[in-house]
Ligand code: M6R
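Starting off, we have a lone chain in the form predicted on its own, written out as structure tokens.
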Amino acid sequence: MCGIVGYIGKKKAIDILLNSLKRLEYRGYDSSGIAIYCEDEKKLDIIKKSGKIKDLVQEIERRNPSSSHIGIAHTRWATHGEPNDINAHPHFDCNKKIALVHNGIIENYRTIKSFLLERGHKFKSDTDTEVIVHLIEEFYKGDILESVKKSLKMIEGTYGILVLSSYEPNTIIAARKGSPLIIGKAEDQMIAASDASAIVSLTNQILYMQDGDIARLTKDDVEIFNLETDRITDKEFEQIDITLSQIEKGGYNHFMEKEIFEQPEALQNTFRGRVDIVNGTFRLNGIKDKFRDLLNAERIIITACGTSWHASLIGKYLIEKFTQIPVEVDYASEFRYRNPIITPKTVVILVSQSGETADTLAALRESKNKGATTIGICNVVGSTIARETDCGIYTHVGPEIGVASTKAFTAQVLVFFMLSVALGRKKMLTFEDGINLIKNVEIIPDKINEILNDKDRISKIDKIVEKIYNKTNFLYLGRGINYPVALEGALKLKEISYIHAEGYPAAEMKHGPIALIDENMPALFISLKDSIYEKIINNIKEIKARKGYVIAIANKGDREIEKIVDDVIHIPDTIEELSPLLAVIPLQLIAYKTAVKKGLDVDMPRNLAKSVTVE
């Protein structure tokens, strides 16, 4: 959730830290702050401010701190304590000799705080984080690394932390348990951060810290220990292929807008190199060692959160259709608390854009403990889910900065499509079936481009937005494989426009929600010409009979539906199994344009963060 960064090297620390924080602001933006070691005065200085990074910049300009070549910084998504200047990170110890930033939740902080209060420590904030820095102070006996180690052994919960001390002003201590942390190196410089976007402007050489790692960084070197064994851990720096242009807006007004328009290229990257025309299937080398386990599975469980959960519902539809293997889809946040029935013949697929989602990681570890084969679907190379699953499939869509996920959703759906075809070719799909499915998927990027670049269609969406942007409620309705698309459309509208929206199976309207229908309640139907088209038409008529305002997503050339709804957005034809990839695009645009019309912060919607790394 929160973004953390630390720098030590030959450049001006404040400049590096602020630039990195701006790239991490999508992870948390309630408040922000920096701590530096002032070389002239030989002391730590902390500057922090509630609000956006720009508010911190103004405070720094006002304070004009001394020159420094080492510092740590933080952008906060509040968990314990409201967003304000005092609760912002970094936090000091009593003597202002130690500063700390933290991403995560300390579950036993009350017990630790009571212990520290008895020892005479004075607390200033309402955060759980502040107990860590006071604990380090309590245990400090001349070696900052050793005091951090001793402190972390008392802590229950999750953390990614960076520690700066005037006792050892040429050192940053980093530690990780459950919250992502990576280290980058350049000539005479080291930088640590919660993700690569903060590092890529300085270096593409990074090292992934793992749970239980604690590191000592100097400008020339990094030394990593295992917290439990206290042994030095050998780790290699890797070269990442993220470029600066990928994490900049590139002429678009918002990252979300950019990422919507990146989807044709992103999907090409997802299936590039994986098409096997000779055998009429998809080549998924990342799971080849466990492919037989999938084929022989008694059942498959897919677990995820939010947008990834919606993609997983489509995955269930596809896998069951092409393989007849039973599939369950579970919220990762509920999965381990219901004592799930898992056997060695169970395959658990874990879906997460970041590969760091706390609830999904917990589901992964529960599944492994019970003997399941685990498969990850994620976007971030080197992420915890990528490392801890038995095998996996990367989506390869590049960085996704906008908090409201777009290209990650379509890529996850495409991965499930490829996986289901690969399995189906070993089960019930003929070679001709496989070739037909491949041919249809190869032209999906062009069809998305057609939706995005048709001025008449965009104008139609703009007119719809004019009608709905001041509404307070909205219904999204779909059936079959496009019911999850209705859920996703509703989620997008909620996330960034703050309009209460619900997704429903269209046939469920009669079982309660139809009571809400009147002329002030917009209802959007995904009404494509598929196997249940006539059923959807009947559901639309039920709404219109009650004076509801109806928008339809329909196939190009469908004139019948124009006669019975208020507004239609036409999309190109495709096969039913791929229709979610096209149907979701207008829904993303409606949500985006509605938020813009309302003057809202599209990329940083209130109360949300990009990667949910705490329970």
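For every residue, the number given is its place in the sequence shown, counted from 1. Everything numeric here is computed off the predicted structure, so don't read it as measured data.
The form predicted together with this ligand is left out here; the points below concern that form.
Q: Taking 4.5 angstroms as the cut-off for heavy atoms, does S312 touch this ligand in the predicted complex?
A: No, no contact at 4.5 Å.
Q: Evaluate I206 for contact with this ligand in the predicted complex, applying a 4.5 angstroms cut-off between non-hydrogen atoms, and reply yes or no.
A: Close contact is absent here: in the predicted complex, I206 is far from this ligand, nothing within 4.5 Å, heavy atoms only.
Q: Would L100 sit within 4.5 Å of this ligand in the predicted complex, counting heavy atoms only?
A: The answer is no: L100 has no heavy atom within 4.5 Å of this ligand.
Q: So in the predicted complex, does S354 come within 4.5 Å of this ligand, heavy atom to heavy atom?
A: Contact check for S354: yes, within 4.5 Å of this ligand in the predicted complex.
Q: Heavy atoms within 4.5 Å of this ligand in the predicted complex: which of the stretches 456-464, 146-154, 282-290, 398-406 has them?
A: Only one stretch qualifies here: 398-406.
Q: Can you work out which of G434, P445, P169, G306 has a heavy atom no more than 4.5 Å from this ligand in the predicted complex?
A: Of G434, P445, P169, G306, the residue with a heavy atom within 4.5 Å of this ligand in the predicted complex is G306.
Q: Pick from A411, L491, I536, I183: which has a non-hydrogen atom within 4.5 Å of this ligand in the predicted complex?
A: Among A411, L491, I536, I183, a heavy atom within 4.5 Å of this ligand in the predicted complex occurs only for L491.
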